[in-house]
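Next up: just one chain, as structure tokens, the form predicted alone.
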């Protein structure tokens, strides 16, 4: 069946980004890229193999179904589940040999009960709350919680983690520094009580890139593994303060094709809501992509690339259709390739640019591209 929209994923770009992270950590630091949300839209299984072949040690996902897919495709590295695993699914997570994040007694009790029937030790990482106020156990309850876990013979407390709330979209890192102090204090209190946890980790992309003191024994970079900076502020801070040789290469190109070309007379409306009225006879191309596919309905002032030229979007984004003007691209014809995100000749549309048009962030732009759209690996 002919595809109407597809995403090309550059293997060399993904390889480069993993190598960039490998180069800023020690040989003994675990590199655990985050591949949740269909690898930030890049394809879960496709991306996993490339990351592992490029120097990644572990992989982290959000949900059990993602871990299950990796195992079904023969990926046997350590898989760390960052999100909640329902109590009824704990046994399956153990069977898949997953590493689990923990922060509540119900989960520990279920792991302990289930592990009685397993020959393996279940590895868990305790998440401590330091200032994001999502998952995590409060620091004043951490010692008792870890002591409780230690009572279970088949549970091994392998890691202690936290997550930063405000390290990406700002150049004021005071809250991140506060969180890091809280994390270090919590870790020190455990050590002082004789509870040694071998793997401490808190570094996402931004932390790993700009704050070496957050790298500890493992880093968990996400968006930058795919060639995107976490924010303009992170990139500016790195450029001005760090001035290193860390270079990211975007791996994501989203393509479609022209399915109809028509001429719309001057003074006609285009699309739902009559939001755009032609000011001249307009050559219009219809594209078979819309907000169902993940192209944000709220995009305003955007364009696509046809034959390396900008083709402005006209009218509202529809559920399955976008209309663009190609009056100034006379060579365009039906079934010509169109770039939604990516490079074509001297022009490029980045995920950051699309995010600006849609008043959102680059994370959302790529992760929202519908999973049913094929991901195709290219060199």
Ligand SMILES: Cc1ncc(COP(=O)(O)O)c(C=O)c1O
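Residue numbers count along the first chain shown, from 1. Every value quoted in this text rests on a predicted model; they were computed, and no experiment measured them.
Missing here is the form predicted in complex with this ligand; even so, the following discussion is about that form.
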query: Partner contact for residue 304 in the model of the complex: this ligand, 4.5 angstroms, heavy atom; finding: no
query: In the model of the complex, residue 218 touching this ligand (heavy atom, 4.5 Å); finding: no
query: This ligand contact at residue 134 in the model of the complex, heavy atom, 4.5 Å; finding: yes
query: 4.5 angstroms heavy atom contact with this ligand in the model of the complex for residue 36; finding: yes
query: This ligand: the contacting residue among 173, 255, 200, 163 in the model of the complex [heavy atom, 4.5 Å]; finding: 163
query: Position in contact with this ligand when the complex is considered in the model of the complex, options 282, 204, 234, 187, heavy atoms within 4.5 Å; finding: 204
query: Which of 241 to 249, 126 to 134, 304 to 312, 90 to 98 sits within 4.5 Å of this ligand in the model of the complex, heavy atom basis; finding: 126 to 134
query: Candidate spot 40, 82 and 223, all three touching this ligand in the model of the complex (heavy atom, 4.5 Å); finding: yes
